[in-house]
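Here you'll find one protein chain in two forms, each presented separately as structure tokens under the names structure 1 and structure 2.
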Structure 1
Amino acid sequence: MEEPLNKTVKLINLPETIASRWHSKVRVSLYPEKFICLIECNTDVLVEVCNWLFSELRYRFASLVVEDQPEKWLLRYIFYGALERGQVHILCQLSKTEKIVPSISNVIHAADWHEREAEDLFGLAFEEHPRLGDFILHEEWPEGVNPMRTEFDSLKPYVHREVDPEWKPVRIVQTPGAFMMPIGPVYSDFAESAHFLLETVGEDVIRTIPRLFYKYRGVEKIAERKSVEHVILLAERFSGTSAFAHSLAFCQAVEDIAGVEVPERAKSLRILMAELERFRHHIAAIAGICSSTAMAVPTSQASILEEELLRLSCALTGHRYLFGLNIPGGLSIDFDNDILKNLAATINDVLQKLSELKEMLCFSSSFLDRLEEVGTISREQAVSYGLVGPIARASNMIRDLRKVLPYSGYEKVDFIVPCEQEGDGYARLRVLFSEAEQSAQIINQVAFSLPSGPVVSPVFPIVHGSSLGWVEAPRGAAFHWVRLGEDGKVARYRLTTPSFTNWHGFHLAAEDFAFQDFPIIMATFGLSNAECYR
């Protein structure tokens, strides 16, 4: 269910409404061809404007982009809305001497982690933010080291601080017998690095404190002053299991800056590849859920399908995870139409086997017992944390960028966005199954209606400017903000990933549960740490 729309809210009407409300305090400009409304304001009305957009107009918070420019701080708050509402960017400028920004996370909780990140990496102070301090950088980083500042040298290894080995996080649960159970950062068979502190009184876990960012590779920093050709490799490789989606978002941003029109055939092929990636990702996630409940046969069945899709991707494109396909202006290779029709037929076979698996799983009571009412997230919580992707859609919050802000020709594709009501582990599993079905359906649709022509635009000029690229990645909405400097090199690359957004809400699902449900909650979330930590 999408929130009831106030029909009068349209992007084109915004400037008038804003002008009547804030008069000269804000400057509004409308870019109808890009569907963006830009609001420039000072920090004194920032919270008010953000609150109005979020609470009254029901725009969703997408990202906070901080830019360290020679004379000023540039803060860009990006919001997006349904259908005719487009994007709203709020731009705040601060002189270099100011470091205090009013916090918006008291009115928009989704901005919480964005502000914590900006505080940690840029050294900006967010006034009235309830919880600032070590976040991405752990204790061994000295205070006052802000790696995202322009003057910080990304190549120089920095000096570590001695960490107090006795350091422990504050415990909240203070009853007799309560203790804190640590998990990670090296744990389980193939788990990605993360650390969890489970506050427990024995069998029941009261709450979970995740400590993340063990894999912080500074992707945003090391992308700076690199060429577009180099940064696309980073966009692809910072989260290998959703490589195509992220490289697509990056390409769309630089294509928009350069004003390059991507050929129709490349657009269709991009949809096809993006859906192939989603299809494979969802099957891998289903295998993960089966594995977390110790169902050996369904795990194997789903894993067989996953490997078959990996082989199919490799035989088709040369790479099992679709690396090296996207290039600015299109795709690096073209495919034979008949091969793509065969691909669609193979996908249908895989879907057939997947449906059999679904049927069997939905009638396995021991499996359902482990998933139902586990890790529940309500719709209100999902809205407040701005959750995205299959997790949000399992909590009855439909928002899919392919529908809301169509890109790469998705407006011509016919598909539905599945959603469920309960918000528990089983709802998330069903959403994964339904989305996989939709992806297979899209692949079939596109494979049989491919336009002919080139797959890459012949020229790609080197220009400067900035733009936002976005995709609905397999795990949810991803936003890539790219600024190219005068020399055509990347000056700022901001990655807002679905895993970052959804890890923020993870603690909601990991509250008041039995100990053995922890791996199941993790698996039904199916988040990538690499995608979150960047």
Structure 2
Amino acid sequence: MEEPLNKTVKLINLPETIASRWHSKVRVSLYPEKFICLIECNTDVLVEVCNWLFSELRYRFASLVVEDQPEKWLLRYIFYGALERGQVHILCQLSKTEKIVPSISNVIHAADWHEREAEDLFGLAFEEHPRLGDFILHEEWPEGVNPMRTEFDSLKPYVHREVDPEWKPVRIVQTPGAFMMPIGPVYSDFAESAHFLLETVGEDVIRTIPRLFYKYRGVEKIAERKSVEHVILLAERFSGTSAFAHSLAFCQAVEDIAGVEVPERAKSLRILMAELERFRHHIAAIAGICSSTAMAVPTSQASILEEELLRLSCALTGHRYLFGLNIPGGLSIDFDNDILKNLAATINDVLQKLSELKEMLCFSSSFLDRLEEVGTISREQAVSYGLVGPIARASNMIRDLRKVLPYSGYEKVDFIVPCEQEGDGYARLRVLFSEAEQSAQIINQVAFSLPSGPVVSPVFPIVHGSSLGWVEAPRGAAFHWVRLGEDGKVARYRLTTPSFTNWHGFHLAAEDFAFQDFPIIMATFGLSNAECYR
């Protein structure tokens, strides 16, 4: 359930409420057609305004967008609320000579990694942040090189910094007999690189220190000065398992900038494809959980279902992971209504098999023993870290962008958002099963009520402007900020992914549990390293 509000302040009441509190220190603009309230303020009241939104009005922190412009820094703090409270963007401008910004992570811990990322990539310093440096850019990067700065030359070779032979990882647990156990960064199978340092004095993990970003790919930098068509390819390829969701968020941002209305049929088909992707993703996540507990037969059964859906996607769209479908203005191809009805029937067959698998797992004591009361995250922790998607909903924090910020016609679709309270591995598994069931129901609704008409709007010019696109991706809330220059090329592209958001809180689940629980807890999170390595 949603947390209660200390004050009920809707978007339309925000300007007068803000003006009464901060008077001339802020400037407020309301864009009701986009359901956005823009607050422009100086850094001296930044922390206070952010804390008010988060603590009193219960807005969620979505992203920090840093833009390096010729004469100034633009810092945009994006928050989103429940239905009818829309988005709030806090905009701070600094001169290029300034590089020190007040940190908001002391009052909004969800902003912690965003500030650390901005420090590494742009060279900004966030005052009073407890830990900056050596985050996205590992120790081999030269000091003072910030790849997202406009003056950074990607064609210029940089000499790697020599690793200090005396370097040792930071120890938190100082108790006699404490030791550190490294996991990763190299794994078997197809897992991307990630390193976890587990500290303990016995069998239980006391501290988990994650280190990701071994493969910084510079997607946001590569996107600069590229055409919209080029950047769509980046959007759907940096995380293949959520390709459709991310390309949809990017396209929606471009469509908003251009003021283009997407045809109703295209909106419905986008919903259908998004839920097909979610259905397939959740089955794959369930297979991963079964594998982590050494349940060979259920793992095989779930993997077979995933493969069925991948083949179905390929037969329908030409690509197993739904690449190449989203384009600004709609979809690149249309589908026959009868074929989509047959798709719904096949989805129902897969759902029946998935239900049988769920029934079997729910009565397997050896399986449940590894999940129940293991990897627990409380609701308060989920709120503090801003967790999203099935992980947040398993901790009784229900906020789904399809409901609170409806897009692509989701406001017309009848579905529920599953929620559990325990916050453990079993709760996360149950949410995955329930969300898969809801996705199947949505696919059936859409397939049998498709409107007629085109699937793409008429050709339109790419114009100058900026906008935020968002989706409830399979792993949770994803935000894509896009700024287009006067030439129609992408001037700034900023991605905030659910894996980036949720890896930040992963250590909460891994601590105070036994070493042997670690891979199972990781599987119940079902996160992607590649989705972080932007």
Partner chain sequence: MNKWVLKGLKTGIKTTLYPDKEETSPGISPGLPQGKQTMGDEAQVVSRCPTQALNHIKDMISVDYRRCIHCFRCLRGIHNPVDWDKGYEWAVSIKEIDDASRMLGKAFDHSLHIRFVDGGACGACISEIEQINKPYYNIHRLGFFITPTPREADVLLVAGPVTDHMRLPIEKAYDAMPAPKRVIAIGTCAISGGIFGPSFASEGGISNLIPADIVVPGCPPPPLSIIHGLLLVVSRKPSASLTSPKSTEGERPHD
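Note that the structure is a prediction, hence the values are computed from the model and not measured. Note that the rigid core is defined as the largest set of C-alphas that superpose within 1.5 Å between two forms. Counting starts at 1 and follows the sequence of structure 1.
- Between structures 1 and 2, only structure 1 derives from the form predicted together with the partner chain.
- With the core superposed, Gln93 shows a C-alpha displacement below 2 Å between the two structures.
- Superposition of the core reveals a Cα shift of less than 2 Å for Asn348 between the two structures.
- Annotation: Cα of Asp189 displaced by at least 2 Å between the two structures, core superposition.
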